[in-house]
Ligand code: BES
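Consider the single chain below, provided in structure tokens and representing the form predicted alone.
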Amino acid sequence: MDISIKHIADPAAERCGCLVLPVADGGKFGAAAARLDQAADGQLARLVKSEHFSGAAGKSVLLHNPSGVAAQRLLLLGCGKPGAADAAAFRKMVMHALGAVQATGAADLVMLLEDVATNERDRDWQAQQLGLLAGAAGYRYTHTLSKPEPGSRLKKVVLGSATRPSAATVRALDEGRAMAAGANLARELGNLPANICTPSYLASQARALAAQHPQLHCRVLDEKKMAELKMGALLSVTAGSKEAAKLIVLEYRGGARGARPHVLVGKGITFDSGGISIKPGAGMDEMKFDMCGAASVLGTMSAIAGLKPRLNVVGIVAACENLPSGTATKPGDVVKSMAGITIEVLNTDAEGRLILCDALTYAERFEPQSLIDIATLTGACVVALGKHASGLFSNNDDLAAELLAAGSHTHDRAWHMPLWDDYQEQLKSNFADVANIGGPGAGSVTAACFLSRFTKKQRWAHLDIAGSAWEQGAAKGATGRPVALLTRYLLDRARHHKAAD
């Protein structure tokens, strides 16, 4: 999708497949719509009256071949009460417009949104959201379809501006577009079947990213190297699979040499059967999505490499399969992590924390400014938060606040969950330093508590995206979350460092 911003002095003269104009409650025109109505000799006003169009949010009406206007179509887009739109309402309005224009068969559209005011959000935020939403709207999965259905003809989206757009607004649009591209990469990786998207495939995608961007550097650790590093927890998960595990390290070097990086760690279980503690068959196909944490790390690294902020970032992906076989880890086995902590594996389906604990320990060598892991970790988080919010756990309240703010800004939201020592009691084991599950209560919290034992020296946060990483039902597919949240967080850190210089 080609997404850009353009100064448009005379919207009536703008040639495009569809021109989108906001209309407020009561069918009231803003400056742009009033000017177009004048050029069309009152045709827009007559259409509003004949269609009983109220300008209510979430409604629209389409006019073909308007007289006196160069655009092939005009879409009058309801925006509700002037100045009353919040972030969610604005996003719904833009998504409605994109869907309505896609249905027309138009190849390009111009959106004139300057008459829409958004509570607590400025024009730059609107530009970023347009870039993000339009980019996401252009994604379709076709990789394994022999005869994909024809997709939308919409290939170009322009944000029109009555004045020359500022550098900040252009930058905001670029940021949204980069977030969308990164999220679409994560969606594609998540949607691929597990017989294609293996640990080796993820490694190849990381190498391809590094080949595209000079500031990215990739290296991949094999199982022999992991054994030398004594990653017994990670290797215990892959023990039942013929597919070789990979630890993928992708470095973005955009900051000063020697500056401490921000580190992202992604769970990359490319298929999770549950291992010996095998899952029920119903819905097991969705366990190809258990690598969406890894996919979000690669998507974020792609977005950052495209935007080139002045900071250093390291993306680490722990990738393997979790399958049952004669060599698989068994319930009751005790394994030793890279940190030297022994773990009683009470349930082999609680495997994500086992690969993450070794990856988090490995991350210490980078002396991170912040360390964030992203994982489809627990069904308990889905029960707690559903699909709308990712679960956020942190040992640092300032870091949690920064991530929450980034999520709020991008509408890729998270919810701060407790990480109290009271829950650590549930992880006691008679046979090891810690058990890998903590019983039926507070499953997402005890999983985070498990990881916290390996990050005591770090400014660390954990994002449980089990509910937000993919959609179920008829809309089944990866969402690309939380690429937007992570990208915004890193861009904010770069701006903070620049302001402090």
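Each residue number is its position in the shown sequence, starting from 1. Every value quoted in this text rests on a predicted model; they were computed, and no experiment measured them.
Although not depicted, the form predicted together with the named molecule is the subject of the following passage.
Residue contact check for residue 370: none of its heavy atoms lie within 4.5 Å of the named molecule in the predicted complex.
In the predicted complex, the named molecule sits within 4.5 Å of a heavy atom belonging to residue 470. With a 4.5 Å cutoff on heavy atoms, residue 347 counts as touching the named molecule in the predicted complex. Using a 4.5 angstroms threshold between heavy atoms, residue 379 counts as touching the named molecule in the predicted complex. Figure note: of the listed segments 402-410, 292-300, 150-158, 267-275, the one touching the named molecule in the predicted complex, with heavy atoms no more than 4.5 Å away, is 267-275. The single contact residue among 36, 451, 437, 445, judged by any heavy atom lying within 4.5 Å of the named molecule in the predicted complex, is 437. Only one of the listed residues (419, 287, 427, 244) places a non-hydrogen atom within 4.5 angstroms of the named molecule in the predicted complex, and that residue is 287. Using a 4.5 Å heavy atom cutoff, 279, 353 and 466 all lie near the named molecule in the predicted complex.
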